[in-house]
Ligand SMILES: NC(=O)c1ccc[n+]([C@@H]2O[C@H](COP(=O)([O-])OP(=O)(O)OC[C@H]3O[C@@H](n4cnc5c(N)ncnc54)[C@H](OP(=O)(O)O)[C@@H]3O)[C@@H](O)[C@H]2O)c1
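First, one chain by itself: the form predicted alone, in structure tokens.
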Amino acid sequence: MKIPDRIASEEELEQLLSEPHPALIEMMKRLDGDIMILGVAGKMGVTMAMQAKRAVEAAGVSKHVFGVSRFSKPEEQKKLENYGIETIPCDLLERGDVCDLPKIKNVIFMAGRKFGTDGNEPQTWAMNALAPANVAEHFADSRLVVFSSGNIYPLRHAAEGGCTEETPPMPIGEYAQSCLARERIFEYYAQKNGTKLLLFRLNYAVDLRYGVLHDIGRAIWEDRPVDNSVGYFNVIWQGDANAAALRSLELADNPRVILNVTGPEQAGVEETALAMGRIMGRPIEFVKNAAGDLSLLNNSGKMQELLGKPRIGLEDMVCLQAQWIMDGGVSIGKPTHYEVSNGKF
């Protein structure tokens, strides 16, 4: 993969995010059955579906890629259809709608709710626990890769390193608790039905239009203090996260598999802000005199062993993000709230 010095448009960004990994292309030659992505119209789903379609075409195999969503934004559905992805409107909270979906062999579940949880907890629990029950029951004979979150782990001191897949969950706040509920619902049905399942614990994906680096860079560019309440974070390029999710279809098994998905770097908020400030030529101010001691950190050693290191590293992501903001690149207006440590989103 050739990493550009700058990305000039959303079209160029989506082409880079959807560029298929060579190992993904090879997997498509081996993988039996079609692919369905549930929650395809979210932040990651569109470029994941595009990457899957490009990998299928590069592999020279006959395989359908389906994208399922409520499609509240019709332009996202049109974009997918123009790319050759077969779209199906569906509300995953409605059991009847889910029962009408074709029973595809390979399913990636990435539907969920995070932002707006505080004050509307019932909707979050419904989306993160009820919808999984509908899906797990219907796709009992499929391979399932289920998106989860590193938020289910306890906060750590940077010196301790990130949580591994063996770290017991200790979710803080109702969003994280509902993410663990999502996992447990899928685990229950996997145990009941023998479904092959992989729990995909992701934090945080970077897309230039959103993400931790975007939040830090926007604050610098707009002359606002950078929030260092949480001192450290992990990130992974969204294109690498997309590839990892698709390749995880081959790793799904029964009993279920857990996989932490993030970059290998343990990034400091202050160090990252100072690096961006140098690129932007802007002074840096922080919210606090000293960075917070506890952070949400994951160890992705298992992912690297199974799938290899991400193709785009932290330094390149920082440079691309700074340039995107300086060039007036768009934002989707969804902050990650990386600075939150009390679980309220």
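On a predicted model such as this, the values are computed, not experimentally measured, just so you know. When you see a residue number, it is the position in the sequence shown, counting from 1.
This next part talks about the form predicted together with the ligand, which is not shown.
Note that among 87-95, 216-224, 183-191, 136-144, the stretch whose heavy atoms approach the ligand to within 4.5 Å in the predicted bound form is 87-95. Under a 4.5 angstroms non-hydrogen atom cutoff, the ligand in the predicted bound form lacks V318 among its neighbouring residues. At least one heavy atom of G42 is located within 4.5 Å of the ligand in the predicted bound form. For A111, a non-hydrogen atom is located within 4.5 Å of the ligand in the predicted bound form, even though that partner is not displayed. In the predicted bound form, the ligand sits beyond 4.5 Å of every heavy atom of W125. Only one of C163, L249, A275, A205 comes within 4.5 Å of the ligand in the predicted bound form through a heavy atom, and that residue is A205. Among K302, R311, K29, R70, the residue placing a heavy atom within 4.5 Å of the ligand in the predicted bound form is R70. Contact annotation for 206-224: a single residue, Y210, has a non-hydrogen atom within 4.5 angstroms of the ligand in the predicted bound form.
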